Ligand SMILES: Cc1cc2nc3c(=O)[nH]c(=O)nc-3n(C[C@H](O)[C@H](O)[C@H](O)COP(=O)(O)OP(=O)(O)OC[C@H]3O[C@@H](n4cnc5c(N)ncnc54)[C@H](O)[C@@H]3O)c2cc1C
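In the form predicted alone, a lone chain appears below as structure tokens.
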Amino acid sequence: MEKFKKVIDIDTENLQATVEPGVITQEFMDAVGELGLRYPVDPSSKGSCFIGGNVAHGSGGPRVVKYGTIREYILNLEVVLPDGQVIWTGANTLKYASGYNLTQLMIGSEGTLGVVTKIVTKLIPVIGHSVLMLASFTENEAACAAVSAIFRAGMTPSALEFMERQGVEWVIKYDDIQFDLKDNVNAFLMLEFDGDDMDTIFKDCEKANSVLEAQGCVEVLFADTAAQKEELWKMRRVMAESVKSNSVYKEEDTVVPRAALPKLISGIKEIGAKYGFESVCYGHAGDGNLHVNIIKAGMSDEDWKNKLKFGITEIFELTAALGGTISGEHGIGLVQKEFMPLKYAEINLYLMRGIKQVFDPNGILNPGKIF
């Protein structure tokens, strides 16, 4: 879809835009930003990913915690069905209660039901100010426990990210980032508060700081200039690339209710010790979404090929037992489909296969994906 790269229309009166699926997400964000508007769905790969791919995977990113996933911003889709018919899935309205919501069905369907050719998005006004905080902890579990505490205290950050020490070490090495990494620090939380009134933002930051201290935080850094914020965000956004540059790895995309994060990360480490693999975890802690990068390191080729899947199975079983699911925003594709029965009963899979059959009876769209 790379030739479908037009921003067709930006409607400043209705706060909507119509865009083709091959537009790079960052370029779309910049285009609406020039008109004083904002498209807040910003996955870490926003500089290279297509907005059509974001729709296909139900993408999220750091600011889901306040602004929601892409599902909250797609109003309508033009879709080419497998038999060549072209339909609009809904309406360019904020409300929709006219039968089954085909727009939401297409989002996250990974190209298995139709080919999206136009996307109508909702936009919001640009936010005037933001402050970014970086909180350091001695233990992963303490950092994860602080996530739920922030929300229980009545605050909603615009972003709340978790990073493990090893991930930060690799980022520093990979991108030559200047950062003073203390010896006693093993985990970080990045918290962003935004709004139009700096006094309100600073009050939220002060309140958050008190909560973080009560949860065992050892240090909090504040970034309020554009350069400081960009440096911290860069550290988080290049983490996936830094992991790729260090080792053979597999990335899993777990998501659980926020309060279950300490049990999830503790369990992941225990499972890794059992099967002989290391892991580097980071992700969108504010919505319970933890990216688990399984590192081959000293694991033998035979174990990596034959034993690793049992460890991954246990990670997903733990995730499901904690009330979560096996993918928060990366999707299922080919490699995750064998794990679907860990979360979904056969009746769920039967219904999904039935939907696929109605749309694509000949199985020509992304065959073999999801189930």
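Note that residue numbering follows the sequence shown and begins at 1. These figures come from a predicted structure and were not determined experimentally.
The form predicted in complex with the ligand is left out here; the points below concern that form.
Stretch-level contact check against the ligand in the predicted complex with heavy atoms at 4.5 Å: of 168 to 176, 218 to 226, 131 to 139, 107 to 115, the positive one is 107 to 115. In the predicted complex, the ligand lies farther than 4.5 Å from every heavy atom of residue 315. With a 4.5 Å cutoff on heavy atoms, residue 343 does not count as touching the ligand in the predicted complex; it lies far away.
Though the partner is left out of this view, residue 240 does reach within 4.5 Å of the ligand in the predicted complex, counting heavy atoms only. Contact annotation for residue 43: at least one heavy atom lies within 4.5 Å of the ligand in the predicted complex. When the ligand is considered in the predicted complex, only one residue from 50, 28, 67, 339 comes within 4.5 Å through any heavy atom, namely 50.
Shown without its partner, the chain has 366, 369 in segment 336 to 371 as residues with a non-hydrogen atom within 4.5 angstroms of the ligand in the predicted complex.
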